[in-house]
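Here you get one chain, nothing else, as structure tokens; it is the form predicted on its own.
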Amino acid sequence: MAKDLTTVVSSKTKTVEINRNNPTVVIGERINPTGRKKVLAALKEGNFDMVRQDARDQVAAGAHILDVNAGVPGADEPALLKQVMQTVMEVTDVPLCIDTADPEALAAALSVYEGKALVNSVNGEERSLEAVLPLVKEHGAAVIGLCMDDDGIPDSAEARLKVAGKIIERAGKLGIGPEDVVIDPLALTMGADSNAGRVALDTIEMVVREFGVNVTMGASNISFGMPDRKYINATFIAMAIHAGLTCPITNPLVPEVSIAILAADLAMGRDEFGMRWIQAYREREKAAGK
């Protein structure tokens, strides 16, 4: 079994170390206009108040890193992404995960970021590898690698493992170490494929065993289209942490999910004397006026 690696990301003043022996690192997902009409409308108007509030709220709820996406149709994404990032950096000092499929926007965002960013993302497609990895290397960032390639998203865990290996190998050829590649096995909705969760969990286990790299995923994707999503998400994320997930991209404002992460860390022996669990319990009781 491969040695567990440590991925370091940082802002100008704060460093986060991601490792399977450490508590789970939560990457807050909410600064993203996709599927959020109010955020989309606000960004189109040049209003960043919701961005500021989302940043503050997520950090207060326990997010260690914030994912920042500015994918507004028709907008100048390089300029908008820089504005959104600068807005976030004005109200919090946690490290950022730069979320864009546009290489120009990525280059623009990396040029203004002070620290070691996490890039979301590269995948196994040739055009993605050639466009994204050189920018990651140039700016000394870490990068999320999606388990998909020119043939799409593989159906099996074995095929996704192969894509992960390709991304890690190509990154290595540019001098990007495996500790700076965080693999995303891709959680697809179980509403469309009842095996989607099983394949994602199997992929995590295989990636950890083979490479020892850190693992992320957009954990809430697994429940899309299903009722009572928060319970599915909470259960799945706890199972994924046991499988080897280290830094899920999720909504820390959903209590069921945040509590499931704390419980999983406690069960995995990553919460000495249960102090983080007890502190979170006391904070919930205080907020409820008890």
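The numbering used is simple: start at 1 and walk along the sequence shown. If you're wondering where the values come from, they're calculated on a predicted model, not measured in any experiment.
The form predicted together with another copy of the chain is left out here; the points below concern that form.
*Asks:* Please identify the residue among Thr235, Asn251, Asn32, Asn221 with any heavy atom within 4.5 Å of another copy of the chain in the predicted complex.
*Replies:* Comparing distances to another copy of the chain in the predicted complex, the residue within 4.5 Å is Thr235.
*Asks:* Heavy atom within 4.5 Å of another copy of the chain in the predicted complex: which of Val59, Ala243, Met50, Leu40?
*Replies:* It is Ala243 that has a heavy atom within 4.5 Å of the partner.
*Asks:* Using a 4.5 Å heavy atom cut-off, indicate which stretch of 147-155, 78-86, 197-205, 129-137 touches another copy of the chain in the predicted complex.
*Replies:* Selected stretch: 197-205.
*Asks:* In the predicted complex, is there a heavy atom of another copy of the chain that lies within 4.5 Å of any heavy atom of Val16, even though the partner is absent here?
*Replies:* No, Val16 stays farther than 4.5 Å from another copy of the chain in the predicted complex.
*Asks:* Counting only non-hydrogen atoms and a 4.5 angstroms cut-off, does Val68 reach another copy of the chain in the predicted complex?
*Replies:* No, Val68 sits far enough from another copy of the chain in the predicted complex that none of its heavy atoms falls within 4.5 Å.
*Asks:* Does any part of Lys286 reach within 4.5 Å of another copy of the chain in the predicted complex? Heavy atoms only, please.
*Replies:* Because no heavy atom of Lys286 falls inside 4.5 Å of another copy of the chain in the predicted complex, the answer is no.
*Asks:* Within a 4.5 Å heavy atom cut-off, is Ala260 in contact with another copy of the chain in the predicted complex?
*Replies:* Residue-level check for Ala260: yes, a contact with another copy of the chain.
*Asks:* Need the contact residues for 249-281: heavy atom within 4.5 Å of another copy of the chain in the predicted complex, sequence order, or none if there are none.
*Replies:* Stretch hits, in order: Ile259, Ala260, Ala263, Ala264, Leu266, Ala267, Met268, Gly269, Arg270, Asp271, Glu272, Phe273, Gly274, Trp277, Ile278, Tyr281.
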